[in-house]
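Same chain, two versions here, written out as structure tokens and called structure 1 and structure 2.
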Structure 1
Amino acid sequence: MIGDIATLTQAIVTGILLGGIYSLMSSGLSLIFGVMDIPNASQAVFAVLAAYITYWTYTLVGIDPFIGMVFSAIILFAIGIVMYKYMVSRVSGLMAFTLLYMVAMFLENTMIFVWTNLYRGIRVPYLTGSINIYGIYVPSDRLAGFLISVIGFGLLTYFLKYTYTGKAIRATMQNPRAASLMGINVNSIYLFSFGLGIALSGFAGAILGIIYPFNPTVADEWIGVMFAIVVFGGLGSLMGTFIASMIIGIVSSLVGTYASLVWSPLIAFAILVITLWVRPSGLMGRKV
């Protein structure tokens, strides 16, 4: 009986840690989706690119991965700005999704060509081992990733709620035309939001690269989880994204513990289908 409770608690703790990382990973997609109504199909590929940037700056130059993830996020922010200004802003709707999907395919195949399809991992010496808390083992790398993700998510929430730019983003998200009439440069908000959304995936991608082995094709799995979380939580709702991330993280961990790890990746897709069928608006958002 005690062993069953310990196993259940361990699975829940693991799911919470994973859910925290998912929340940061999906917040950028939620932001872009909510502000511009663009489902960014390239979001996960940029997360993988950030993992590679962090990996190579650590392997070749010796830059600490937690500093390297900031560097990779800055690079991705610049890439996002350029992409929106010269590509995304010139199309809309389905064409924007198609364009970003093609960008994802191009980047994924380019990474395979340059870095091969071999799995790599960012191994941080001071994050090896686990912390034992009353018989519950918490891996140091996952705990560090969780803390960074939750802090990053909290800073994003604070930024959107209390700063002028954040309020302008929220106003644009609610009604672009009214925001424009109030003196907000909507095009600049779109530009900044797209760059910020891509940069957020950079942080999360680097964290996932520290925890899990990765190669270019893992983006196909990550993007499915991202869309499931954003739709389940509700488009444009950061709180919904956070709650959905926790739920999917915990459920995936429980399935992996009591059934098989093979079934865990399918949980996000099952939740996505059920959400679109039963409640298209998600937990706290608007109808898809």
Structure 2
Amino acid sequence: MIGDIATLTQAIVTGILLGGIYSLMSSGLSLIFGVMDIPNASQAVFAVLAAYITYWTYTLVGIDPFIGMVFSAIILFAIGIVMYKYMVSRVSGLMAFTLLYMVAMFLENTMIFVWTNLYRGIRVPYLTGSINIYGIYVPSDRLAGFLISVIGFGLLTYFLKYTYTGKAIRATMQNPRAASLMGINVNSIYLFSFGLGIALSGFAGAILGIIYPFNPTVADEWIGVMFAIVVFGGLGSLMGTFIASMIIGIVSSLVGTYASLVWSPLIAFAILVITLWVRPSGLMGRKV
């Protein structure tokens, strides 16, 4: 019986940590989708770019990945600003999606050209192995990812709730027209949000590169799950994205533990489809 509880606890801990990675990867997509209704198809590719930036600053210059990820977030913020100003602000809806998808393809193929298809990994010796808490194994690299995700979501929520810019972003999310009538510069809110959303991939990418081997094409494995999580959680709700990630992570782990990992994607997506059937706006989304 005790063995059973240990197995269950291990499965849930494993799931929560996997959920941490999912939520970190989806955070930027959720923010951009929520604020300006733009499905940013290039989000995962920017995470991979961040993984490369962190990898190179670590291998060539010896900068610790946790400093490297801040550095790549700043670079990505700048890229996001420029992209929004000169490309994204001029289009909307399906055009924006298509444009960003093309940006993703362009960036992915450029990275293949420059850095090839070889797999790389950011090897952080102090993050290999795990912490053993009463017989439950907590992998260090995944724990780091989870903590960054929790801190990130916490800061972001605080920022949106209590700062002036944050309040302006929320006002813009609810009704851009009314917000602009209240004297909010909607355009600069969009500009800032897009930059911030892309910058979040800076942290996600570094964690991605620490936990998994990566090459430019791994973005394709992620983007589908990221969209699913954001829609599942509900458009416009960061908390929804976080909870959706946890559900997907825990369900995958439980199915893997008590049945087989091959069933995990099927069951996770079944839950997602059923939820959206019952609640089309997602777990915590605005009413559609």
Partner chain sequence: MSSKDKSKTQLLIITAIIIVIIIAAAGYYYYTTQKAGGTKPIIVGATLSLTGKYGRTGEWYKLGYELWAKHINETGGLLGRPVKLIIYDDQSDPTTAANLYEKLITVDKADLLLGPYSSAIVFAVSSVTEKYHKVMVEGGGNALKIFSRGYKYIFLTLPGLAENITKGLFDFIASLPPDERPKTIAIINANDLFPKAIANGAIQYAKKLGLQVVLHEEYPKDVKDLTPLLTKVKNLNPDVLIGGTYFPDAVLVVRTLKQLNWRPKIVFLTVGPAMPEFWETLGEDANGIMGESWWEPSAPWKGVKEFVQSFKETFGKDPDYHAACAYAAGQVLEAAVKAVGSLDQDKIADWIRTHTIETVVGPLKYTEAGYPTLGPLLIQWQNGKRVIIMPENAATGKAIYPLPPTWGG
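Bear in mind the structure is a predicted one, so any value in this text is a computation, not a measurement. The term rigid core refers to the maximal set of C-alpha atoms that superpose within 1.5 Å between the two forms. Numbers given to residues start at 1 and step along the sequence of structure 1.
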Block containing the form predicted on its own is structure 1
After the core is overlaid between the two structures, has the C-alpha of Val255 moved by 2 angstroms or more?
-> yes
Ile16 C-alpha relocation of at least 2 Å between the two structures, rigid core basis = no
Shift of the Cα of Arg279 between the two structures with the rigid core overlaid, in Å, rounds to 3.3
After superposition on the rigid core, what is the displacement of the C-alpha atom of Ala270 between the two structures, in Å?
-> 5.0
